[in-house]
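Taking the form predicted on its own, here's one chain by itself in structure tokens.
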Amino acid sequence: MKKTTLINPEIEAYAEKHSSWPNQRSESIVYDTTTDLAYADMLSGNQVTGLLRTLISVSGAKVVAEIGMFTGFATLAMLESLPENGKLYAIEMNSRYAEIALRNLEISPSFHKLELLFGSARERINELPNGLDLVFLDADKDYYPHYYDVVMEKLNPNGLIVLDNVFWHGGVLKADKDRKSTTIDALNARIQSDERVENVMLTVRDGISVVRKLP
């Protein structure tokens, strides 16, 4: 699918520049991802990771899950925002991505908070514990609805689900949607009518939805 430019690139670059994140360790992840892989645009970016850090800090989240770690850019941001007794369960099935991530995450003082669940998210998501405070969902889009349903049952009251790529490069607006755009558009509509939650969809990068589970 042809990607649509949704945000003025100059404005997006300005916003990235004026975000507190990243730090030296995260810049190493960017360098390794750009050097080793051909699709570094899959990195979450400063705005998304900055938002995750802020949500963790202001909500007091202690137990966090990341569905789709990629090379660890958002992982590092969340790890270093968690309290000392916090825990982050990260699911990733690509060994190359995981190797780049661990190479950089291992040197973080917060590495001990990480538990990597290596393998398919469709299988390993069921191993996540109950009592999650925040979930960052950024894995294979075809299974977003399944992941949403599973983590909703494991989420604490007032817990948050943060979904990335909810615009799918503008595909959700097209009349002739591809498969992933159709799936994401249907989930967006379902979340909007889900009486268990309140949600806000943000025009950050490729679209971010922040969903709060009502008490």
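Since the structure is predicted, the reported quantities are computational estimates derived from the model, not experimental observations. Just count from 1 along the sequence shown to find any residue number.
In what follows, reference is made to the form predicted together with a small molecule, a form of this protein that is not presented.
J.: Please state whether all three residues 69, 74 and 138 have a non-hydrogen atom within 4.5 angstroms of the small molecule in the predicted complex.
T.: Yes, all three are in contact.
J.: Do residue 93 and the small molecule come within 4.5 Å of each other in the predicted complex, heavy atoms counted?
T.: Contact with the small molecule, yes.
J.: Report yes if any heavy atom of residue 186 sits within 4.5 Å of a heavy atom of the small molecule in the predicted complex; otherwise report no.
T.: It does not: once the small molecule is placed as it appears in the predicted complex, residue 186 has no heavy atom within 4.5 Å of it.
J.: Heavy atom to heavy atom, is residue 173 within 4.5 Å of the small molecule in the predicted complex?
T.: No, residue 173 is distant from the partner.
J.: Report whether the minimum heavy atom distance between residue 26 and the small molecule in the predicted complex is within 4.5 Å.
T.: Because no heavy atom of residue 26 falls inside 4.5 Å of the small molecule in the predicted complex, the answer is no.
J.: Could you tell me which of 94-102, 81-89, 108-116, 127-135 sits within 4.5 Å of the small molecule in the predicted complex, going by non-hydrogen atoms?
T.: Contact-bearing stretch, as computed: 94-102.
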